[in-house]
Ligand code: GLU
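First, one chain by itself in structure tokens, the form predicted on its own.
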Amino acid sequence: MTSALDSVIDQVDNNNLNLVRFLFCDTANIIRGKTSSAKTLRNRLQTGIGLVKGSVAVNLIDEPQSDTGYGATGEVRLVPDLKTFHILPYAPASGMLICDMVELNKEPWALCPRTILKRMIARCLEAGVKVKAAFEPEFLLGKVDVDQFVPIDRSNCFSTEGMNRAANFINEFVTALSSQGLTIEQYYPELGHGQHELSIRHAYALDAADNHIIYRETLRGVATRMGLVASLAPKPSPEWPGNGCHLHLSLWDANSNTNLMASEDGLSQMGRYFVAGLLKHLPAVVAVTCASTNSYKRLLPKSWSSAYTCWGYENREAAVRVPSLYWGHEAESTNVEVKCVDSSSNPYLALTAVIAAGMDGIAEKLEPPEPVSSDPSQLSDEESARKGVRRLPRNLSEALEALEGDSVIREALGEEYVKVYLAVKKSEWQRFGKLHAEEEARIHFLRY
């Protein structure tokens, strides 16, 4: 029988690849990596590739935060997960693998975001629960002309004009995603000029996070190959609608493969507990799911981006939405959507924080407040108090303060990692928090 390692080598040889990228996603949600030549790949798959530990403490403009204790000394190995191997459809003679960071003694590194999610998945399995999830990104597409972004279309939301303008790119994007095993669910032009949304099929939690990495790499890779620019930045310009990356999530019995959130009443008791836990911890969770200074330019009332700690059925102003069900697939399509998520968040950390909050609600049997069926910004003070509606943090600094005060989310991420995360994100707040909005948006447009 062919081993997984031999299978990767065979694919590299049979497709005449020259290079294979070893990828990881860092604290600032920048996808980084090192590359092995095809000739040395067999050895690198067995030994991994060295990476300085200080990489975990670098912010989005490559400023290392050495006060974390992580700098130029100490090393881990990038060890690839062989099942993540794909031939890159947008880079000639190249492949990729998603990696874990592993200590030199071959133990998982506690500060590896992918390992942090694996740890949370293991805790869920101990409770008899598997998590399925899908990220739902929005992005801008266009060209840059003398440093000015020119959107590929200026159409209306959902319009066929927008579909026509972007058709060549979207078809290339779909083909590229499909070649890497991702299944496309829906596509449509969004509200902003040049803004589009293409969603992919849900998967178990680790695969869902890996899929989002593949999605991001493919989006920008295909755009570059076609002479276009794509950005997933939360608020690419003060004048434009923001790019969300809503997170859909459901809980499944680990043994019977039954959706534990499903109920004839719309959401099961376990689902209600999960929502209650999520709402309780949401101010701290957004420090991870809305992870940039730019995020809070999007997270505003009356913008369908969920600026309040509330939940509701089909309420797109609620931070946690219970979507309508698909006819004939009611049980399996039951899920909750977390709207206060964007693509400046590391998907492994975002999923960890959301799952930890919800599972705490289950463990404590927390009951959610009554659902909100209107715009939460229009509720009276009395109604807001009764329904537990609070304004989410207004900036990254407030969110980081909430994270520092939340023992459940800190424990899920790991205290040592939280120390690094806070240092990196506080450095970004100091660097970008007081910049002119246009300059702050420009930097994030380029990074994400």
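The first residue of the shown sequence is 1; numbering continues from there. Just so you know, these numbers come straight off a predicted model, no measurement behind them.
One more form of this protein should be noted, the form predicted in complex with this ligand, which is absent from this view; the next part is about it.
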**Q.** Option touching this ligand, based on a heavy atom within 4.5 Å in the predicted bound form, out of Glu103, Glu197, Glu172, Asp207
**A.** Glu197
Q: Go through Trp252, Trp109, Phe149, Trp304 and name the one with a heavy atom inside 4.5 Å of this ligand in the predicted bound form.
A: Trp304
Q) Is Ser345 close to this ligand in the predicted bound form, meaning a heavy atom pair under 4.5 Å apart or at it? A) no
Q. Is His202 close enough to touch this ligand in the predicted bound form, meaning at least one heavy atom pair within 4.5 Å?
A. no
(Q) I'd like to check something about Glu332: if you look in the predicted bound form, is any of its heavy atoms closer than or equal to 4.5 Å to a heavy atom of this ligand? (A) no
Q: Mark Lys339 yes when one of its heavy atoms lies within 4.5 Å of a heavy atom of this ligand in the predicted bound form, and no otherwise.
A: yes
Q) Of the listed stretches (242-250, 286-294, 80-88, 219-227), which one has a non-hydrogen atom within 4.5 Å of this ligand in the predicted bound form? A) 242-250
Q | Stretch 410-424 - residues with a heavy atom within 4.5 Å of this ligand in the predicted bound form | A | none
